[in-house]
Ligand SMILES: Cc1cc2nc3c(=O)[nH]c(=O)nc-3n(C[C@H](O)[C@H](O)[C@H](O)COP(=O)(O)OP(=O)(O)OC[C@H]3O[C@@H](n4cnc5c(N)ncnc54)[C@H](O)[C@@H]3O)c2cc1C
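Just one chain follows, in the form predicted on its own, and it is written as structure tokens.
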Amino acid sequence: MFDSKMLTSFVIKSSLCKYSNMKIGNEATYLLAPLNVSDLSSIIIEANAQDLKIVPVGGGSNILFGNVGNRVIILDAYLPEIFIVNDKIVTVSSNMKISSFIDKAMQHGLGGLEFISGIPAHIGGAIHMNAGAFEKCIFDYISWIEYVDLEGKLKKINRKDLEFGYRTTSIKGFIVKAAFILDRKTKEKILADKEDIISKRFERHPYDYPSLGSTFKNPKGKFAGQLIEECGLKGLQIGGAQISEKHANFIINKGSATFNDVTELIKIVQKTVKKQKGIELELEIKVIN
């Protein structure tokens, strides 16, 4: 048990469904929201002392919560928000929403990240997953990252010292801020590019129901959604969860979906695609259970 009096002020009494875009989740034993980096370090050190695993949570755009047990769920919601511009370099806190970051940078005539417009994630989560679209990724613009490691130590690492790939990075810890080298662009051009990307997303993706975005990673040279559709699984529903009829790589919550509903669909998709296509689909979402 967390017995430090200092940590009690960080405890949040709320269901995890509030912190996941899928709107699924129960109450957690340890749902904590540090107020600064020092608090964050203290929480991680205390969790280690108690031999408890930590789970960083930002926008919750790709996390499916099941039974989290005694995991320490750490929210970035109350960490200080940072946005500093120095020429083309923008330093930003991990808890800023992607949409806010793009809009703030636009006011300074800086752009480049419009390709991830419409993704309901925080900057920290987008970095962890190396978010990308339209043949670009967020690491195309990263300069350095500051994070608290799994021992509670604050560290700074340059892009050249990081390993990253398709939806993966080598960072192990809680990102607190990062610096981006952006492009000089007119506000008009940034706004036009942003609106174009969002329009394409709404055209292709099901935003009328809660989801976690793309459920599976695209196998090399192929599209997960196309494979799932070719296997005849588009529209398949279990309980309140459904493989979207608009985009087969999205599992949506039609109002009453449970963790088991979603995971059962995931198993069916993976088993069917493996059997019919000989391809093992890897999850893009994070399942905490």
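Just so it is clear, the model here is predicted, and its values are computed rather than measured. Start at 1 with the first residue shown and count on from there.
Another form, the form predicted together with the ligand, is not on view; read the next lines as being about it.
Only one of 228-236, 30-38, 258-266, 57-65 lies within 4.5 Å of the ligand in the model of the complex by heavy atoms, and it is 57-65. The three residues Tyr141, Phe180 and Pro219 each lack any heavy atom within 4.5 Å of the ligand in the model of the complex. Using a 4.5 Å cutoff between non-hydrogen atoms, Gly152 does not count as a contact of the ligand in the model of the complex. For Ala126, a non-hydrogen atom is located within 4.5 Å of the ligand in the model of the complex, even though that partner is not displayed. At the 4.5 Å threshold, heavy atoms of Ile157 stay clear of the ligand in the model of the complex, well away from it. Though the partner is left out of this view, Thr272 does not reach within 4.5 Å of the ligand in the model of the complex, counting heavy atoms only. Here is the short version: of Ile82, Ala133, Ile89, Leu162, the single residue with a heavy atom within 4.5 Å of the ligand in the model of the complex is Ala133. Taking the ligand as positioned in the model of the complex, none of the residues of 223-246 brings a heavy atom within 4.5 Å of it.
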